[in-house]
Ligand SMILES: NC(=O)c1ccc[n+]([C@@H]2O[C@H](COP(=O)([O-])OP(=O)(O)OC[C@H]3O[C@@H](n4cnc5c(N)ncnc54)[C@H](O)[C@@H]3O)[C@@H](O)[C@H]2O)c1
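We begin with a single chain expressed as structure tokens, specifically the form predicted on its own.
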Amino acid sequence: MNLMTKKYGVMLIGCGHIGEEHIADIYFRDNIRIEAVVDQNEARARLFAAKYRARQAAVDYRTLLDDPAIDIVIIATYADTHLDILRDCLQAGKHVLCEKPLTPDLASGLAFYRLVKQASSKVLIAHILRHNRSYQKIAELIQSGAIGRLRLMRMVQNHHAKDWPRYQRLMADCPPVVDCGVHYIDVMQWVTGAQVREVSGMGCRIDPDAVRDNYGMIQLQLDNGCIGYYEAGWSRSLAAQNLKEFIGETGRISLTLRDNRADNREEGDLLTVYHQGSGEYQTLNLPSKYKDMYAQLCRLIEMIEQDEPGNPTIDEAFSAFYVAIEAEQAILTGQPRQVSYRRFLQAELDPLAATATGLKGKPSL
């Protein structure tokens, strides 16, 4: 965030829940101008324009793509619109911050990946946990050997879905294990430097009127021998839960978010590190914004100004997406899936795949 040499004009497409998370954290920054906000609901777009000092409000982003004052477009719409919007933005020479998941299905996700790899503009996928100080500290601890060789990762992210119409619309595109799962599959591969090689799972439709299975649990094995599971559900019956635990041969790390702490919330998130050899517990308090949208946007600006890689790179983001889609198939078929991100790319994109970069760890070939 050190070499920001200009003020960037930003257009937000999608004035919903996640769109507001983005704009609320960036509109007052010294290096940002909110040039435009776009939503199919004209009243909502006008409200955002007034609230966040946008120069323009519109219902069709395409009418604004020729505006030279717009440098960056934030795509905060539903997943089934991402590919078309990305294509239009790149053709107009705009840089893009796009919400996850890439798209609802593998074929369109592959087309998204190809566009990004061939683009001259910079594109960052919004894996917000990459920019969260608590997760960065967890990665640092694991990679420094603080708990020995990592063996198991336990992750639960259940939502008590009070705003049921919102969740129904999200599920029209993809189930929770894909929509939210891409975050935590990415975290597992990031902190280990390894690739998922097998995935299995099971799911069910808790709410009879859910548009698809709205609960799923997936199990993953990585190519370094570590295993993990991820549980995700959006239901009016489920209790909200958030469990993040990393278990190694000599200890474990658990994360308690600030909002889930029983006390000392003003200290931020709580990381608890258990050291098996001494039986001692180490506690770390981390002031950490759960969704640091400005830090994420600053990464895109670093990509633009310094030709830096994304965090995650498009390869890392697509890898997590690919595994999540395979996990959904494992649930639907009831059969484990052997996955190899690199083999898949070689089959689909060769020779483009042969020069793909940005992944850590050995390919599962």
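Worth saying up front: this structure is predicted, and the values here are computed from it rather than measured. Just count from 1 along the sequence shown to find any residue number.
Not on display, but discussed next: the form predicted together with this ligand.
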| item | value |
| --- | --- |
| Partner contact for residue 19 in the model of the complex: this ligand, 4.5 angstroms, heavy atom | yes |
| Partner proximity in the model of the complex: residue 302 to this ligand, non-hydrogen atom cutoff 4.5 Å | no |
| Interface membership of residue 201, this ligand in the model of the complex, 4.5 Å heavy atom rule | no |
| Non-hydrogen atom contact residue 313 with this ligand in the model of the complex at 4.5 angstroms | no |
| Complete contact of 40, 166 and 170 with this ligand in the model of the complex (any heavy atom, 4.5 Å) | yes |
| Single option in 86, 123, 76, 72 placed near this ligand in the model of the complex, where near means a heavy atom within 4.5 Å | 76 |
| Among the candidates 143, 285, 221, 81, the residue which, in the model of the complex, approaches this ligand to within 4.5 Å (heavy atoms) | 81 |
| Which of 95 to 103, 204 to 212, 114 to 122, 224 to 232 lines the interface with this ligand in the model of the complex (heavy atom within 4.5 Å) | 95 to 103 |
| Those residues of 171 to 193 which, in the model of the complex, come within 4.5 Å of this ligand by heavy atom | 179, 183 |
